[in-house]
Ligand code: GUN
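Below, in C-alpha cells: the form predicted alone, a single chain.
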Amino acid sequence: MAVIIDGKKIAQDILDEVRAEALRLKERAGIIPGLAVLLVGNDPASRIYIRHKENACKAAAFFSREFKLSQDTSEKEILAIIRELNRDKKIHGILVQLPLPRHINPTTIIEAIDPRKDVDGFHPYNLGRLFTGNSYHMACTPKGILELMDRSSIAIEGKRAVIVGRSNIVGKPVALMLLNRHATVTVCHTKTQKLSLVTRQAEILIAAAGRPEMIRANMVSDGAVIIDVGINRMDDGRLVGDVAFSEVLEKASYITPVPGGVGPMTIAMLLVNTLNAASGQMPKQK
C-alpha cells in the first residue's frame, strides 16, 4: 500500500519557514514582502481561494493588498491597476485570479505584469525561461509538485515521468521542470491513443486532466509515484481527484490525496515566490 503524501503538513512547514525568513528580512533590511491580489467578479471558488491567500499572507507576516472588482470592470481599468502595482516598491508580487470575465483577455492582463512580480509564473517571459532553467518565477502548482516529491525523498533524476494533461498552468510547465531535473518525460492529452499503455510505463505519473477518477488501477504500474492535481466537485458534494484513489492506493508507492495533497502547495509556493522577489533572490531550476 502506498505512502500518502501529506501536502497539507508539507505546505504548513514551508509557510512556517517563509514566515521566519520574512521576519528576518524585515529585521535585516526593513523589507516586508508585499503581495497584491486582483479578483474580478463573483466566482465562488475564486473568492474562497482568495480568502485562503489573504489568511496565508497574514500568517506569514506579509503585506497584502486586495482589489475586489465588479464583474463589469473594464480591461482598461485592470491594466491601470497593474501599471500602478508594477511601480509600487512595496509590492513584490502581483496575482490576477483566474478565470476572468469573458470580456477580458487573460493574455493581455498577464503580459502586463512585470515578470519579476509575476509570482504566479504565468508570464510568457517566465514560461519561456523555463527552457533555459532560469525563470524569475516558476508556476506555483508545478513547483509545488516538485517540492512535494523532494520533501518526500522521491528521486526524479533518470525516472520515467508521464503527465496526463497539457495545460499552460500545470501540464506544460511541470514537463519542463521535470526535464530540467533529468527525468524522461512523456505528455499525454485528449488525442493520445491507448493511454493506459503509456501510463503503465510511468515511474512518476502526474494526473492533471480535470476528469474525475479517470486514472484507474489498471492504468498504473506497481510501485509508481502518483501525483493527483485534479480537483473535481461531484454531484453529491464530494471532492475527488483525477485518480481513483482507493483503487490506486493499493498499487502505488506514493500517492497524493484530494483534498490535502497538491492543493495546499500552490499557495505555499506563491508565498515562496513573493519572498524570493522581495529578497532579490530570483530562483533558478535545480
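Note that this is a predicted model, so its numbers are computed, not measured. One-based numbering along the sequence shown.
Not on display, but discussed next: the form predicted in complex with this ligand.
Engineer: Check Thr266 for me: does it contact this ligand in the model of the complex (non-hydrogen atoms, 4.5 angstroms)?
Structural biologist: Yes, Thr266 sits close enough to this ligand in the model of the complex that at least one of its heavy atoms falls within 4.5 Å.
Engineer: Given that the partner is absent here, does Gln97 sit within 4.5 Å of this ligand in the model of the complex, heavy atoms only?
Structural biologist: So Gln97 counts as contacting this ligand.
Engineer: Is it the case that Phe62, even though its partner is missing from this view, gets within 4.5 Å of this ligand in the model of the complex, heavy atoms only?
Structural biologist: Outside the cut-off, so no.
Engineer: Do Phe245 and this ligand share at least one heavy atom pair within 4.5 Å in the model of the complex?
Structural biologist: Heavy-atom contact with this ligand at 4.5 Å: absent for Phe245.
Engineer: Choose one stretch from 202-210, 177-185, 80-88, 118-126: the one whose residues place a heavy atom within 4.5 angstroms of this ligand in the model of the complex.
Structural biologist: Stretch with heavy atoms near the partner: 118-126.
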